[in-house]
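Just one chain is shown here, as structure tokens, and it is the form predicted on its own.
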């Protein structure tokens, strides 16, 4: 049994209808709504063939059919010819990013929110690999006569704190003054870059050399331990779809969203392709067996690549999602690099 043009058309109509309604599709629905000039009996026979080929499932004996993961894969790989988001949406995206700060955390947080708003699904954005968080603020807080708490705040929202030994002569005012000097000197540096500057600062501020050396040791200790920021937008969007009306399924999904390190590993599995689409079981994640994941890489000015991902039900609107992801990817590339980003492949 072969997949001919008529079966393609019927399968595409079933997928389109199920994406919109989440209701099993019957032959009468296809016959009335999609104007194929085919009888219900003919459509039923074709649907039976599609079920035998593995493209349709029948949840109940008397119910219509629903697309299988194999059907969505065919839809993405062969039926989908690409699409674009509307001109209004594109202008909205450009306006959102115009003049935005170039702090990495702010940029990717905003990208995740915009992407989730466009698609109505859950969006995840990872920063370019290899980029280290930049220091925003350093504070020294007295906790004892000869000890101070070192608090390091970065643009990735990561706060690291450790206690170091300090001279008993340093009161709160003195520690505050040193904190301001350290912040002024090291703001915008990665922890690795900051550690490299510590010896010079010890020479210039010789009276506080021991304290500065202690701060440098804290930076060195935590420099390799900071994980990249994971931006998530629209987590609750998934709960509006009937697939997640089951409380246990919803709880598993929300729990996964809270496990940032695991989520980053799942989203970053994009291989060498600019775009990847993983459908249902292809995700390899039990909590996402009813989900699809669309990912795309974007490029920063240093050539390092980050990842954008959209998580939705397997019946997601793939054309719109691919177009939206493509648009956000190009905007991130333009924002984070001096190049115009036109090397990002377009769907149109």
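Residue numbers count along the first chain shown, from 1. Here the structure is a predicted model, which is why all the values come from computation and not from measurement.
The form predicted in complex with the DNA exists for this protein as well; it is not shown, and the discussion that follows is about that form.
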Problem set entry | Heavy atom within 4.5 Å of the DNA in the predicted bound form - the one residue of 300, 38, 285, 53 that qualifies | 38
Exercise. Of 307, 319, 68, 29, which residue is found within 4.5 angstroms of the DNA in the predicted bound form when only non-hydrogen atoms are counted?
Worked result: 29
Exercise. Does residue 64 make contact with the DNA in the predicted bound form, using a 4.5 Å heavy atom cut-off?
Worked result: yes
Exercise. Hey, in the predicted bound form, is residue 47 touching the DNA, heavy atoms inside 4.5 Å?
Worked result: yes
Problem set entry | Full three-residue contact with the DNA in the predicted bound form, heavy atom 4.5 Å, for 134, 165 and 183 | no
Problem set entry | Segment assignment from 53 to 61, 288 to 296, 311 to 319, 275 to 283: heavy atom within 4.5 Å of the DNA in the predicted bound form | 53 to 61
For this session: Counting only non-hydrogen atoms and a 4.5 Å cut-off, give the residues of 1 to 24 close to the DNA in the predicted bound form.
Result: 6, 24
